[in-house]
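Single chain ahead, written as structure tokens, the form predicted alone.
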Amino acid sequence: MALELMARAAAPIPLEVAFRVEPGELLALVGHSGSGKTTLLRTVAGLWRPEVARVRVDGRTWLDTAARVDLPVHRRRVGIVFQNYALFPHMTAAQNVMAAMDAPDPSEAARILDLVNLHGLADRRPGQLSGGQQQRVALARALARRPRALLLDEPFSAVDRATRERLHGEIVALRAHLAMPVVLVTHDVNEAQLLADRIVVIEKGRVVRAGTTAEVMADPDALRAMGIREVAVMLPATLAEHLPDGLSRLDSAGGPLFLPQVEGAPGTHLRVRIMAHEVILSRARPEGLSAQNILAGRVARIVEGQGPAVMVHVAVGEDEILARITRRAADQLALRPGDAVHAILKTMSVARDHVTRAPQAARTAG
């Protein structure tokens, strides 16, 4: 059920992009406004046709300009969640969901609404729902088409930060039920790292970098395209315990992490987004610091940038932490690949929305 796309065009913006999304995989298209992200989703959905393009989903060709194949929108089994949700205001949540079905089925609509945590709200109209609830109805409607591919176009941009945090967690949980490829368009690097398996960075209609989250976030060209202060890694950790002082202890390959209280039960597998500019390095384990998180690792490599900073990749077990420090500091520490170091991180430097559950493997096509 993989999704394959190739598109080239001269207008309305220059475009030359190709990527593949595997079944059950979530791929994030990241780039600034006007880079071509939404245009690519419209190409998959059949809402726009580039000069040269090919779209194949689940082994079936939806678009091939060379072979003159162009399936109309209604014949493409695709689910789309738009930025504004585009719900029918005169219909209830259940009716909005059933509108996307080949054969309306109230019990199936109720099942899908339960899947997106809208139990008991089937009879409410969009005007009676919060922004986050409307977003869930839009997602339920997209799933009701039993899509071969799911497209999410900046789906969290219309909700506040607290709601966005909750929705991120729900998307991670929902992915255990999705077997189709998912493409997320976003300009939010944090969102991409929290939700995606792979990232494609697009700038001016071209792919700057494509790969796993770790690969993309280690690429200097991709970092410049996304904004250097957004550089971060997702460090796997396991929730160990909740402490009486309002902190939670997480176990990682580099040692314990103490963070503001994290939702979940002990044993929950998590990923923690650690910003490179928040990490301090020390050769010796420091004493007498207010910072609670001191992770042991080794220098994997040092990547020089165009300015006064360098990016130090610190291996902690099989994972890495990035530290953005000045070249002067790296020289003073005489850092070399293989050197033992300690990565220091303040507890309060990790925001609540920078911690998420680790994605589970997809089980069904939902």
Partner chain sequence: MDWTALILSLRLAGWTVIILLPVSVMMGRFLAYHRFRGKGLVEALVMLPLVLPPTVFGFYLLVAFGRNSPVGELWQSLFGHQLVFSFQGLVVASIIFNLPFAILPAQRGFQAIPVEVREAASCCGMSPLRSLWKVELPLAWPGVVTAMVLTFAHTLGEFGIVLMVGGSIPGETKTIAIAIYDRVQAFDDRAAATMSAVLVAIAVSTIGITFWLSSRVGRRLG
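Only a predicted model underlies this, so the values are computations on that prediction, with no experimental measurement involved. Residue numbers count along the first chain shown, from 1.
Omitted here: the form predicted together with the partner chain. The next part is about that form.
A single residue from the set Ser130, Ser282, Asn84, Thr212 has any heavy atom within 4.5 angstroms of the partner chain in the model of the complex; that residue is Asn84.
When the partner chain is considered in the model of the complex, only one residue from Ala162, Leu289, Leu243, Val73 comes within 4.5 Å through any heavy atom, namely Val73. Although the partner is absent from this view, Ala99 contacts the partner chain in the model of the complex, with a non-hydrogen atom inside 4.5 angstroms.
Taking the partner from the other structure, the partner chain in the model of the complex has a heavy atom within 4.5 Å of a heavy atom of Arg145.
Not displayed here, the partner chain is approached by Pro89 to within 4.5 Å at the level of heavy atoms in the model of the complex.
Using a 4.5 angstroms threshold between heavy atoms, Ala300 stays clear of the partner chain in the model of the complex. For the three residues Arg42, Leu47 and Val78, a heavy atom within 4.5 Å of the partner chain turns up in the model of the complex in every case. Listed stretches are 89 to 97, 182 to 190, 165 to 173, 199 to 207; the contact stretch with the partner chain in the model of the complex is 89 to 97, by a heavy atom cutoff of 4.5 Å.
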